[in-house]
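One chain follows as structure tokens, the form predicted on its own.
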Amino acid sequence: MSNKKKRQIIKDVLTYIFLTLLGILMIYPLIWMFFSSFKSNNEIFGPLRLLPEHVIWDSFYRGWNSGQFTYSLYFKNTFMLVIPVVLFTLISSTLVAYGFARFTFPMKGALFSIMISTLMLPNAVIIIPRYILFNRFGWLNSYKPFTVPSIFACHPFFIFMLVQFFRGLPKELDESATIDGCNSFTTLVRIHMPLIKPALFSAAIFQFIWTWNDFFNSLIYINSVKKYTISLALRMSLDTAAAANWNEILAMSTLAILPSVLIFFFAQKYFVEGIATTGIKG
């Protein structure tokens, strides 16, 4: 075996060892959270031991049924909020991005610049005018402040991401579809949608995780416990007058992150492909 090949093998082994250690370091908080859900409060805040010394088996059951409502309601509310937002965001952002990428119309550049500039606005700046607006519409204590803006493509990040992907597709595809008798909408559905599937998966995963984990906006617009999402329910568990049962809170936190983790791993192929190709083509 040549010295060059030996050096390459050693380099690969060291790379794999480094990546393995880094991966363990990244997921260790999740592993600690899962095992801590079987510990008592004294063990959680005691020695830095990963495995529990005295296992508490009912933390998931007690945490699920704690409070006025069970977590079945909170999970149901979260899915009722997240799923429409994700679907409406994908549909509206795709249509708007398709228009910016493939059509020419007056003030196209100015409108695109204004749309991109809204990315620079932090949420804390627009939360007050949005609250006043939604209050006048009578949308408070409902999911309309989340779903209605997503219908009208109020998420410029996804529009920009999809525009970059559309621009990477050859315009000859549109011309061929037109020759075959397709109109603009048919070209989008039959020609472009299958090609931008990685970008759509990336946008769906981002929007799902961001909306699922959203605490601030849910706290502002929702004030009825019966309509609380997972993030608000977990925070409510810390507002009790008595000492918090941290094993129950950590158990529910483990279940709360489970959908996001599963969606990411099941759609990881399309997610990585979408991130790797968006904005590079063309």
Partner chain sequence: MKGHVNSKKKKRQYIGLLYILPWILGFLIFQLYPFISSFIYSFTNYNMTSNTEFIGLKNYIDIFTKDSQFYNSLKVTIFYVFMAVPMKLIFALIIAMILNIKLKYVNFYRTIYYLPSILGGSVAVAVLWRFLFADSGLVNEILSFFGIPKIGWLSNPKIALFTISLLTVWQFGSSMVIFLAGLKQIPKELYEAATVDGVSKAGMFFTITLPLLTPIILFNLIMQMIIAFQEFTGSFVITNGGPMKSTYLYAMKLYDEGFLFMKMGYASALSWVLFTVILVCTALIFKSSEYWTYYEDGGQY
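In this text, the rigid core denotes the largest set of C-alpha atoms whose superposition between the two forms falls within 1.5 Å. Keep in mind the model is a prediction, meaning the values are calculated, not measured. Positions refer to the first chain, counted from 1.
Another form, the form predicted together with the partner chain, is not on view; read the next lines as being about it.
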request  = Check each of 181, 109, 194, 129 and return the one that places a heavy atom within 4.5 angstroms of the partner chain in the model of the complex.
outcome  = 129
query = So, in the model of the complex, is residue 38 in contact with the partner chain at a 4.5 angstroms heavy atom limit?
reply = no
message = Taking the partner chain as it sits in the model of the complex, is residue 168 in contact with it (heavy atom to heavy atom, 4.5 Å or less)?
response = no
inquiry  = Taking any heavy atom pair closer than or equal to 4.5 Å as contact, tell me whether residue 90 reaches the partner chain in the model of the complex.
reply    = no
ask   = Would residue 151 show up as a contact with the partner chain in the model of the complex if we use heavy atoms at 4.5 Å?
value = yes
note = Within 42 to 62, the residues having any heavy atom within 4.5 Å of the partner chain in the model of the complex are 44, 45, 46, 48
ask   = Aligning on the rigid core, do we see the C-alpha of residue 27 shift 2 angstroms or more between the shown form and the other one?
value = yes
